[in-house]
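Take a look at this one chain, the form predicted on its own, written out in structure tokens.
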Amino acid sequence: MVDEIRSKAKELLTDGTVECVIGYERATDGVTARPLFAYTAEEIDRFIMDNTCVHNLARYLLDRKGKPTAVVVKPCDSRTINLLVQENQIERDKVFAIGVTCPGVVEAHWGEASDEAQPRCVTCSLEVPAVYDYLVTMPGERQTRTGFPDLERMETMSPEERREFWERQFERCIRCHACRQVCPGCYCPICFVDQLDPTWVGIRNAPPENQVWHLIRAFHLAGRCIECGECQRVCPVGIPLMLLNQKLAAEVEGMFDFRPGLDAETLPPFAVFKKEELEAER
């Protein structure tokens, strides 16, 4: 499988289809994986693909706008391409997607990788990428989808219990903004949290400001979050950010029968106006 990815990547570089191929290589710890931007066939020989390849590489397409680029995408990551095309952030004909089927990725940290599947894999419903130009089948038995167990438990809590839960989570936030930096849907030139005139959120690292930051960001992703789980993976204090995103995703799907990134043609509900929706509320 890895040889197939390398072969296709070399072909794309050699014939001039792309200028760069974004894939994975083994990190210097010898255990985990990290992104690799390959510009030569020699660099492509370092490509790997296994269950430690956790990064959503499609996010880096935002840094290569207008430049012919190939990218290795897992099913969850592939939705990023459709999202960014739909929002006019990238040009589809400038992107060559090397899709890989994915049995799931594991919890991997510097120097160690467990056998435990990441939460995003438990809730992922895609067996193959939503969009690809070339498909590679990754061996292994696919992780069984079990719904949204954490969200279901949260729904059984009273409003007071949920408020207390999130207050405890937001108290731990250090406002590093790692969740924003890794998110493919966060590409605004100036984030609302960095605006000074007007000031939307204070710079103080305190629960009230932290709450405003996380809730506004979650609402900005409503109907847009492609559930790659990168925000939760990179959070240094372990805040379960996907709980917020999954709740809004469930509400959008329930009201509009829409999940972002599954195709590039269906417009998101908040980008269109349908008269019948207004009439249905009367």
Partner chain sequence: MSRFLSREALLAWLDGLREGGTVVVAPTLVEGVSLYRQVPVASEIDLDASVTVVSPKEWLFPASHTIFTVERKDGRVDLRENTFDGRAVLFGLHPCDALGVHLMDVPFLAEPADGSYRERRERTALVGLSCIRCRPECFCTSVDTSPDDPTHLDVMLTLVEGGYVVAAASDKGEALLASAKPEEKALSLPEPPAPEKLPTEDLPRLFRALYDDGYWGRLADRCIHCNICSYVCPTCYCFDMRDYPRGNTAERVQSWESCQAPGFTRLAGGHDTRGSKAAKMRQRFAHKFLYFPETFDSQLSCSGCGRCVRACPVNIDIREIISDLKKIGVSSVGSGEK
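Numbering follows the first chain given and starts at 1. Not measured: the values here are computed from a predicted model.
The next section is about a form of this same protein that is not shown, the form predicted together with its partner chain.
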Would you check, heavy atoms only and a 4.5 Å threshold, whether Arg168 touches its partner chain in the predicted bound form?
yes
Evaluate Arg172 for contact with its partner chain in the predicted bound form, applying a 4.5 angstroms cut-off between non-hydrogen atoms, and reply yes or no.
yes
Is Lys65 near its partner chain? Define near as a heavy atom within 4.5 Å, in the predicted bound form.
no
Pro35 within 4.5 Å of its partner chain in the predicted bound form, heavy atoms
yes
Can you pick the one in Val237, Ile216, Ala41, Met255 that has a heavy atom within 4.5 Å of its partner chain in the predicted bound form?
Val237
Picking from Val182, Val212, Val106, Val136, the single residue whose non-hydrogen atoms come within 4.5 angstroms of its partner chain in the predicted bound form is Val182
In the predicted bound form, which of the stretches 193-201, 94-102, 81-89, 117-125 has residues with heavy atoms within 4.5 Å of its partner chain?
193-201
Is its partner chain in the predicted bound form near all of Ala27, Tyr60 and Cys176, within 4.5 Å of a heavy atom of each?
yes
Residues of 96-131 having any heavy atom within 4.5 Å of its partner chain in the predicted bound form, listed in sequence order:
Trp110
